[in-house]
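This document opens with one chain alone, in structure tokens, the form predicted alone.
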């Protein structure tokens, strides 16, 4: 894949070699993300950040990544702030905003909407999540995190054992992560969900056809035993047909320290695409795990900046110039080691 000038809309665009190249560039972003060096390689460039669904990590980390490369960010977080609220089409909005931008990141509640927008855009568009469909940059940062966590244990991604736990039906991060993991070799997928929230059969069948082992499990304790990664997801209440339908599933699966100690192997890494639901009736990933050194959720969020910096650098064709003219940081900066 030639990244330069490309829309990033789906993980289906990537081959394994593309992902490995992207991760190598992400590694090079470490001193800038950790605030030990400054680069201005995208000075003068403008990112339009268009988020029409709530977002903390994705929206802010994309903006942070662009700023750390020297670019400027223009944010829109509500449909009512645009002429879309007056009936303007996505096509016309894309034609207009792409004239003001060098690259656009977009999140929209409707599946396929970001691709529709990209067709009319005159600059590259990155999918920040389109309804229940896909979340490609989240899957890539999750895979990057898995690579780093497994490297600490002297292993790679091939032959990984992963339990995907929770809402596998509506969780777009899970859908994209399954696809990118499918590019590797001999993965064991433990698909752990309540009845009714299983991963779509067609996606599970694709994984099996690629030679991976796929187990559908409805018992969380059994599903999280003998795996390298436990990847927990919240119930995607906003995707359900009604609040009542979502409430049936809230809090059914809860991972806490007691469950982890009893059922997980000692070095099992805990991941979550965030946000985790910390309301008392939910708590799919309990806060009593915060002291567990295998909890990687905040390392994931830090890695999101590295990965998104790499995407911008490769799409805008500056990956080989990031270090040119780089300078040391002169202000006080807190110690930013991975947590």
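Residue numbers count along the first chain shown, from 1. Just so we're clear, the structure is a prediction, and the values are computed from it rather than from any experiment.
The next section is about a form of this same protein that is not shown, the form predicted together with a small molecule.
*Asks:* Quick check on this chain: which one of 121, 193, 145, 138 has a heavy atom within 4.5 Å of the small molecule in the model of the complex?
*Replies:* The residue from 121, 193, 145, 138 that makes the contact is 138.
*Asks:* What is the one choice in 41, 289, 33, 274 with a heavy atom within 4.5 Å of the small molecule in the model of the complex?
*Replies:* Looking at 41, 289, 33, 274 one by one, just 274 meets the 4.5 Å heavy-atom criterion.
*Asks:* Within 4.5 Å of the small molecule in the model of the complex, counting heavy atoms only, one of 291 to 299, 65 to 73, 23 to 31, 266 to 274 shows up; tell me which.
*Replies:* Going by heavy atoms within 4.5 Å, the stretch is 266 to 274.
*Asks:* So, residue 93 and the small molecule: in the model of the complex, are they within 4.5 Å at any heavy atom pair?
*Replies:* Close contact is absent here: in the model of the complex, residue 93 is far from the small molecule, nothing within 4.5 Å, heavy atoms only.
*Asks:* If you check in the model of the complex, is residue 236 within 4.5 Å of the small molecule, heavy atoms only?
*Replies:* Yes, residue 236 lies within 4.5 Å of the small molecule in the model of the complex.
*Asks:* Even though the small molecule is not shown here, does residue 49 get within 4.5 Å of it in the model of the complex, heavy atoms only?
*Replies:* No - in the model of the complex, heavy atoms of residue 49 and the small molecule never come within 4.5 Å of each other.
*Asks:* Looking at the partner-bound form in the model of the complex, is residue 58 within 4.5 Å of the small molecule by any heavy atom?
*Replies:* Judged by the heavy-atom cut-off of 4.5 Å, residue 58 is in contact with the small molecule in the model of the complex.
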